[in-house]
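Laid out below as structure tokens are two forms of one and the same protein chain, each shown alone and named structure 1 and structure 2.
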Structure 1
């Protein structure tokens, strides 16, 4: 196994330890949080015997270590237990909501990257000018603006006032829209793959209209952060000796800036983008609540209101695992871009 393989194995094992720590902390929170799930499930006039039977049916009368061990074993088997309220399996419900959250996080990342990198480059190459000051002000506003307030303001302005975008919801998912593009024909047509462009474009337009405002809301802080990072990185690279040497050789300014300086600047930017993607997955809860986006956020809020701990744990474990996976992928990508890390 090469050095890269050993590095990847090490980071993967560390990720497993982190996920186990997340599971342990979440399970321990059940015992330090006031109240009991039985209080939310049992009728108000339920007797003590009824409450004991409910606790026994849910396994809540078992010692902590027994419940914890059973839960870890069930996770290893791909199960997350059953909801206290609906008595349905948690795993299908969590994974049914996961695509919507991933769509929102990726869309917010795309919005942030498209806006932030050009703004950062312009701010660095036009230092102490109007565009630089404008990008700086935008960064401060983006970092300091609460996303729940921004979401409400965007809805009032662009959805209610101008009617450009819908106020909330997600009638069609991205995978559903992509599914319209290709239709597998039957054997009588030789299993051809004709393009179904019309329904695909209609579904994509519908999806884009509904995801735009939530993506902007969730990605604004991210945009401001990457803009500042790109600006500072570009300023550092433009002052390096290799840039001065390239200019002295007569290379075009555009080539020096974008092929050499920006390329080296993007290495830490890619790392931060990957790490922030994991953060966005968990941070989408408030944005999903504002826009009634049917992702893990709405599921977690409903589970918290009902004290449905299996549903809370399952959702947060998936979010934590997603964050760890993104971190491992980013680390692997960073090593590929900068092999000197392994030296």
Structure 2
């Protein structure tokens, strides 16, 4: 096994330990927080006997280690138990909400990358000019602005005053919109080139209209962050010997800037962005609240307010585990790109 393989193995094992820790911490939380879930399920005027029977029906009368064991076993089978409130399975509910959150996160990342990298490059290559100052001010504001307030202001301006975008909601999902294409070009139509893309375009337009403001809201912080990183990275690279050498060889300056300097700048940028995923998901939770975007955020907040423990645990385990996995992948990627760090 090569050194990279060993690193990957060790890092993955650490990841597994952390995920187990996440599960345990979430489970322990139930026993240290005040208030019984029964109070949130039972009607206002329920008798003590009623409460007791509800507790039994939820398995809450079992000792905690039995409940814990049952829970870990069910997780291993891909299940997350049954919601206290609706008595339905938790796993499908959590996974049904995931696409909305992910598409918001992806849209925000796309906005951020499209805007920030050119902005950072321009800022670095035209140092101390108007555009540089503008980009610097923008990125400073972007980092200091709470995104939920930005969202509310965007709604007031572009939805309420000008009526350009809807205030909130997500009437159609990205996958549903793309689904129209699959039907048109599907096997039953002989994979013919779609001629009638009307429904697809209408759904896409609807989705884009609704996702624009939330994506800007969530993406602004990252746009600002990546602009700063790109700018300082580019400045470092442009000062390096090889860029000076390339210039001396007579290579056109634009080629030098974009091919070499930018590629070297992007490696740390990607790493940092990967590690900011937690901020992205946290930001998505509050952006969802501003725009009534039906993702994991609203599910978690409702679950917490109702003390629906299986649902709280399920959604937080998914977020925690997803975050750990992404971290391992980013670490691996970083090591792959910079094998020197292993030595």
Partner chain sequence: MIRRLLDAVAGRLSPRTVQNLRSEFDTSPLTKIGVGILVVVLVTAVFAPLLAPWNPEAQNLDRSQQPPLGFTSAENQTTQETVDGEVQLIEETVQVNATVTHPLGTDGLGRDMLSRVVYGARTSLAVGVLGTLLAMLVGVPVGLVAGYYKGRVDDALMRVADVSLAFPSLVLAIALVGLFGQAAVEVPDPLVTTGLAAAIRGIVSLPGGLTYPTGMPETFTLPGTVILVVGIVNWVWFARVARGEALGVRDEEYVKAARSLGGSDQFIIRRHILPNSITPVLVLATIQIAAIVLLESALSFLGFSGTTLSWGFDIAQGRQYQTTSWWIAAMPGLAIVLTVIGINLVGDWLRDALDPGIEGEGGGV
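We call the rigid core the largest set of C-alpha positions that still match within 1.5 Å between the two forms. Residue numbers count along the first chain shown, from 1. This is a predicted model, so every value here is computed, not measured.
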query: Assignment: the form predicted together with the partner chain; finding: 2
query: Residue 281 C-alpha moves between the two structures by 2 Å or more, core aligned; finding: yes
query: Residue 54 C-alpha moves between the two structures by 2 Å or more, core aligned; finding: yes
query: Rigid-core-fitted C-alpha displacement of residue 8 between the two structures (angstrom); finding: 3.9
